[in-house]
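One chain follows as structure tokens, the form predicted alone.
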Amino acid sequence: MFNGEQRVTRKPVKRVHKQARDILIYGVSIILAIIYLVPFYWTVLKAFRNSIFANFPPDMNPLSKTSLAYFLTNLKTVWGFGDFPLWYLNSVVVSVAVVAGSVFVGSLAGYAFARLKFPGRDLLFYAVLATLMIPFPVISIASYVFMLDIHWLSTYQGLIFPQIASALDVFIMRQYFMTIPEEVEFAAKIDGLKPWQIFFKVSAPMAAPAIAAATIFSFISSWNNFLWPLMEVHSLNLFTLPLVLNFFKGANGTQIYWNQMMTVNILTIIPTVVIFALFEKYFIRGISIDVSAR
């Protein structure tokens, strides 16, 4: 009788603890969401203004008729500034090329680490992972000297190729390929497919979620890259958007045209949002991989 009463009283207690935990998790999530959204809201608010200063009294609604008119004016000013369409195109071309190259190379390398057996495979894989702990500024000078030696400074290939090798893409693809049953590839081999056909027709399509995750990470990394274009590019014709933001300062750097700079920020955010929206369906599956797979 006592044990029965004890079980009865424990269930509500556990339920209360679970509800309290859920409330805490949701509360923390809401607070973090607000913290992340406030800077974005401030960016939109500044882009929908008619000057570098805040309006008084402040208009907290960026979608009002007046604010939309200001934004269109800022957009027209920014788009007509210098060679802004060319700079925007440069960012698109470089980022798309980097994504195509890094995902392709990462997929091949990840598949090799997952399926091929050769001496020193695991040691080489851990060596590749170790490069994730090396910040780019450490190797930036060596990369710059190498580009100088092969005459790739201020070229598209100089902007693109150093960003293609991505240890993160190799890791993501390798771990996902490890989750694909080998029996599937063995059946394809029995059907007469060659190794490269098995990769492109069987394994790669099954790894679509991992490819989507690698695509998003590679695009964001290249699209927001500031340091390497700053070092590599010596011609205005090859400037990318992160470098262009510096133009919206005064001559002495103390006067910042916030309304125009935030308009550029919004134009910069749009491709990232589009890429994530296109691959969001696969992104969560792609990053939910078994990191302990061997």
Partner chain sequence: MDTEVYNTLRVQKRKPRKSKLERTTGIIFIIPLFIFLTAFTFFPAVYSFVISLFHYDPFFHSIYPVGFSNYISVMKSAAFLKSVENVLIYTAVVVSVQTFLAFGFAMLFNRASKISRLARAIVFIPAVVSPVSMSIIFLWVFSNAGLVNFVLSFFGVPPRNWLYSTTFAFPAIMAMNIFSTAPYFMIVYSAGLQSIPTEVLDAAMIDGIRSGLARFRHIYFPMLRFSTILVVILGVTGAMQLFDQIYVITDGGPARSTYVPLMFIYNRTFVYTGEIGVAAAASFILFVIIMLLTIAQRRVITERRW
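Throughout, rigid core stands for the largest set of C-alpha atoms superposing within 1.5 Å between the two forms. Numbering follows the first chain given and starts at 1. Fair warning: this is a prediction, and the values are worked out from it, not measured in the lab.
Keep in mind that the form predicted in complex with the partner chain is not shown, yet the notes after this line are about it.
Colleague: Could you work out which of Ile220, Val202, Ile180, Val94 is the residue within 4.5 angstroms of the partner chain in the model of the complex, going by heavy atoms?
Modeller: Flagged contact: Ile220.
Colleague: Can you tell me whether Met262 touches the partner chain? I mean in the model of the complex, with a 4.5 angstroms heavy atom cut-off.
Modeller: Close contact exists here: in the model of the complex, Met262 approaches the partner chain to within 4.5 Å, heavy atoms only.
Colleague: Using a 4.5 Å heavy atom cut-off, state whether Lys189 contacts the partner chain in the model of the complex.
Modeller: Flag for Lys189 set to yes.
Colleague: Find out whether any non-hydrogen atom of Gly82 is located within 4.5 angstroms of the partner chain in the model of the complex, and reply yes or no.
Modeller: No, Gly82 stays farther than 4.5 Å from the partner chain in the model of the complex.
Colleague: In the model of the complex, does Ile284 come within 4.5 Å of the partner chain, counting heavy atoms only?
Modeller: Yes, contact at 4.5 Å.
Colleague: Counting only non-hydrogen atoms, which stretch in 206-214, 85-93, 68-76, 109-117 is within 4.5 Å of the partner chain in the model of the complex?
Modeller: In short, 109-117.
Colleague: Taking the partner chain in the model of the complex, which residues along 128-147 bring a heavy atom to within 4.5 Å of it?
Modeller: Counting only heavy atoms within 4.5 Å of the partner chain in the model of the complex, the contacting residues of 128-147 are Val128, Thr131, Met133, Ile134, Pro135, Pro137, Val138, Ile139, Ile141, Ala142, Ser143, Tyr144, Val145, Phe146, Met147.
Colleague: Once you overlay the rigid core, does the Cα of Phe125 travel 2 Å or further between the shown form and the other one?
Modeller: Yes, the C-alpha moves 2 Å or more.
Colleague: After superposing the rigid core, is the C-alpha displacement of Ser29 2 Å or more between the shown form and the other one?
Modeller: The answer is yes; the displacement is at least 2 Å.
Colleague: So with the core overlaid, does the Cα of Met231 end up 2 Å or more away between the shown form and the other one?
Modeller: Where the cores coincide, Met231 shows only a C-alpha shift between the shown form and the other one that is less than 2 Å.
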